[in-house]
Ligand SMILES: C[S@@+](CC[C@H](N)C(=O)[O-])C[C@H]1O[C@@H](n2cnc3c(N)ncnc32)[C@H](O)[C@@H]1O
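Shown here is one chain on its own, the form predicted alone, set out as structure tokens.
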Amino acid sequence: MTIPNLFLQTYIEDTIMNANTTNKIRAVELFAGVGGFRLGLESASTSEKEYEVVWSNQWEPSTKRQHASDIYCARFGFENHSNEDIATVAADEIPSHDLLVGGFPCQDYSVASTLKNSHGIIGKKGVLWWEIYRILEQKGEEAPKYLMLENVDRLLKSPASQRGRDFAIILSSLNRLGYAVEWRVINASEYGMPQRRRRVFIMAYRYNTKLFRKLQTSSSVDILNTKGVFAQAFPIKTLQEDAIQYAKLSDDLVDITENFNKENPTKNIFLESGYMVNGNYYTARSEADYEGLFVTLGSILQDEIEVADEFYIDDAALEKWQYHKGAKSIERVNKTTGHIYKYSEGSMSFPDSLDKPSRTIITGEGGVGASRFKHIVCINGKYRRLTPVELERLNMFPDNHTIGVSNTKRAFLMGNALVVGIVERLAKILLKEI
């Protein structure tokens, strides 16, 4: 799309802001899960409650019970909540909003083809990124001014055969819709939060915003070190100019799909920190610069008197847990070729350290069965799994936020959730900036 000049941008933004007499930042939450983004936005709000979620959508395919949506409604109410496949929701059914948030799945974002005689595109069916794109495109000039998105950090490297292609498609498609983009891979524990969870967060700003103009007119050193939203919310050790890589993206999404990084497909094109404006992107490796308090696994545990018997491991089962957590080398046979090979894995901490942030919560955290990846703590000589409340605390959710479904399902929902504190910090800086 054609980007207006700076004077016209200022006029457009001032007109829009003056028209929004409520002084609320109206948010839409897609792929809402149990409401992690909403909790972060609400925590970032002052007594004026600047962030207001005006519509939300949560749909879990291939299942009759919609547990996450049920919990979302139990906590926030049924009003303006959609429990439908987002692909079936027309853009004009979604109310006008200033901020779109969501944690969309990491999938294959490749483009099948461009639509003939138009600038439209056809992405893969069922890939939820293209639903975000569809909504933004169909909203036109009423598209939200800001986006806050989350994904697994491998998004920057996928697919393995053409590293960076999928993220390049996202950046280029947002550029054609008139957005500038910042991104950062954030490990929550490096900023004092209780879980070692690495995720990539994406902020995008439409052409008629001050944040777009800041990215357009400031140096890459200033944006990445001090001026960007991420730099303010999550400080990093100072980057020098020669550490920042620069390149221009193709605006042809089919060309990106077919050719991006083909010459050196194992090279990481997009690094932990970066931004894109007008199709030009700047990226660098970065290291957290945090001097505050660190929350440990031990500090979030419930009092043992509150822990039900089902979470404790008896002596008979303990040996199975020790086996799964220990180093091993197992002879296996390839079922297709008959080839015999050794499968090896190293040992894991057993029990988990109480003096450090926890490992990443996974969706399989629940259930009594022994597992290599579930957390085990030892309190007063007794080994046990983590409770649903403790898993909620590791994601900085309120206690019993997910109550109402089985303990196994509660653990699954927390494995799919995000660390609320990250959204809260980003939302506070966004509020300050706009």
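Counting begins at 1, following the sequence as shown. Keep in mind that this is a model prediction, so the values were computed, not measured.
The same protein has a further form, the form predicted together with this ligand, not shown here; the description that follows concerns it.
Visitor: I'd like to check something about G381: if you look in the predicted bound form, is any of its heavy atoms closer than or equal to 4.5 Å to a heavy atom of this ligand?
Guide: G381: no, not in contact with this ligand in the predicted bound form.
Visitor: So, D85 and this ligand: in the predicted bound form, are they within 4.5 Å at any heavy atom pair?
Guide: Result yes; D85 sits at the interface with this ligand in the predicted bound form.
Visitor: Taking this ligand as it sits in the predicted bound form, is L128 in contact with it (heavy atom to heavy atom, 4.5 Å or less)?
Guide: Residue-level check for L128: yes, a contact with this ligand.
Visitor: Look up in the predicted bound form whether G33 has a non-hydrogen atom within 4.5 angstroms of this ligand, and give yes or no.
Guide: Taking the distances in the predicted bound form, the answer for G33 is yes, it comes within 4.5 Å of this ligand.
Visitor: Looking at 382-390, 52-60, 366-374, 403-411, which stretch has residues with any non-hydrogen atom within 4.5 Å of this ligand in the predicted bound form?
Guide: Among the candidates, contact is made by 52-60.
Visitor: Tell me, which of G103, G164, P357, P144 has a heavy atom within 4.5 angstroms of this ligand in the predicted bound form?
Guide: The residue from G103, G164, P357, P144 that makes the contact is G103.
Visitor: Counting only non-hydrogen atoms and a 4.5 Å cut-off, give the residues of 409-429 close to this ligand in the predicted bound form.
Guide: Contacts from 409-429: N416, A417, L418.
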